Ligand SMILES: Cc1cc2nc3c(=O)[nH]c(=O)nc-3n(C[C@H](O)[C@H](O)[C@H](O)COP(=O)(O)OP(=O)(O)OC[C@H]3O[C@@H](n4cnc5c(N)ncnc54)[C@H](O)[C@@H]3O)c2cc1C
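Okay, so here's just one chain, in structure tokens, the form predicted on its own.
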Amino acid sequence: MQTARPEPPIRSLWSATAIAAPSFAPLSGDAQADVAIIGGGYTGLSAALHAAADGLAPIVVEANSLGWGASGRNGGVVSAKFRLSFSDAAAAHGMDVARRMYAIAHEAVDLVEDLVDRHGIAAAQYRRVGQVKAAHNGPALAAALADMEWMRERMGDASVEPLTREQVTEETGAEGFVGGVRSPHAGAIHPLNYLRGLAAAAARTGVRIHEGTPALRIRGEAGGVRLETPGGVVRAKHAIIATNGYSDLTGASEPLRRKIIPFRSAMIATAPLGDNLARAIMPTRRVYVETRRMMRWFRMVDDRVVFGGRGAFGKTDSQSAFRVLRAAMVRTFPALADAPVESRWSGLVAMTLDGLPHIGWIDDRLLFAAGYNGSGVAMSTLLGKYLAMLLRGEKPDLALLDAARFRTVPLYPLREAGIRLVAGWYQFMDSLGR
């Protein structure tokens, strides 16, 4: 039975600049809990924190170290969005559903802010800086402006605003964009420090956390579940699977494995820039995303450019993907041609067929939340809270996130070939400027 994926050590900016990691010993011996949580990322730790606040006794088991997966490898963008636009949600499911999805997205950002403040996670360096969507051509700009107008008229969100070509250049320091849209509903965070802050807060509330403890098997038994690990057995009334894009590590997360398409995302970070260059690039210090099919995003962190995007194929870091990413960064910011890249890392994004995360009951003892599609910092935090609500018998309005909508991937063994085919086509269209 596979226990943990052997990947090279993470060489991320976050691991190089993080606060000291709290240390949690592997499980040794048997344990009892109200809820056993598989996965020590944002989802699992948020669920544990909120369950403990309800008076429950959670136990968290993590196969590797806390932050080894997506919670320690992401870009640190805290956004109020889904891959499915709110206008498309309204067209397919009605305005009531779209409004609820809008409320969920904004609740997620608010919860991150609340947890950072409530638990004193200053090292997370969270700031609500807003986001700029920079359009790479006329059709992309027209689509972004149309969506902005819909948000204003139908959702009553007057805070989103259009940007001219000149304004996007002022925002980004890059001259290759034709215009854009600015929204205040986004923030920036040090993702690994946020994760470690959540872990420390959970431990202070009495949550038991065990690193280096893969959940090998989970079985139902009288009165609850039996979770088997190399060091002992956890017996609990309920269990939560919170493994997201890393749901193929062990058999315990088998219920999620065929419903998720792992897609590798890569990031690079420059060395600190000189004062003049640091002031010229992204001077407003927001988070930025462009509109190409193989989407790129970028932000400044301590006078370093962090530049990320999709398309790092395979099961481990890809040097060719890093080279492509650096070339894209220099095309966007020619002044960075000689800037050394100090950090390179990648991780798995958990994609779903409908582009939405999902949460709910697998059976009367087992819960899950997964499938954040590249926007998981805020949403995984919120769905951890919703998992605790489900545990205490509540039925929050999940709109399109309900477990009943979570579909199995057809032709699952062919998923990697399919990803490469689609991504290759997207890269080709982007190269044509389409």
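When you see a residue number, it is the position in the sequence shown, counting from 1. Because the structure is predicted, anything quoted here is derived from the model rather than measured.
Just so it is clear, the following notes concern the form predicted together with the ligand, a form of the same protein that is not shown.
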Checklist entry - the ligand in the predicted complex: within 4.5 Å of a heavy atom of each of 180, 288 and 332? => result no
Item to check | Interface membership of residue 386, the ligand in the predicted complex, 4.5 Å heavy atom rule | outcome: no
Checklist entry - Heavy atoms within 4.5 Å of the ligand in the predicted complex: does residue 348 have any? => result yes
Next on the checklist: With the partner left out here, check for me: in the predicted complex, does some heavy atom of residue 368 sit within 4.5 Å of the ligand?
Outcome noted: no
Checklist entry - Quick one: does residue 197 come within 4.5 Å of the ligand in the predicted complex, counting heavy atoms only? => result no
Item to check | Contact segment among 113 to 121, 72 to 80, 87 to 95, 100 to 108, judged by heavy atoms lying within 4.5 Å of the ligand in the predicted complex | outcome: 72 to 80
Item to check | Heavy atom within 4.5 Å of the ligand in the predicted complex - the one residue of 343, 265, 318, 352 that qualifies | outcome: 265
Next on the checklist: Going through 27 to 49, which residues have a heavy atom within 4.5 Å of the ligand in the predicted complex? Please give them in sequence order.
Outcome noted: 38, 39, 40, 41, 42, 43, 44
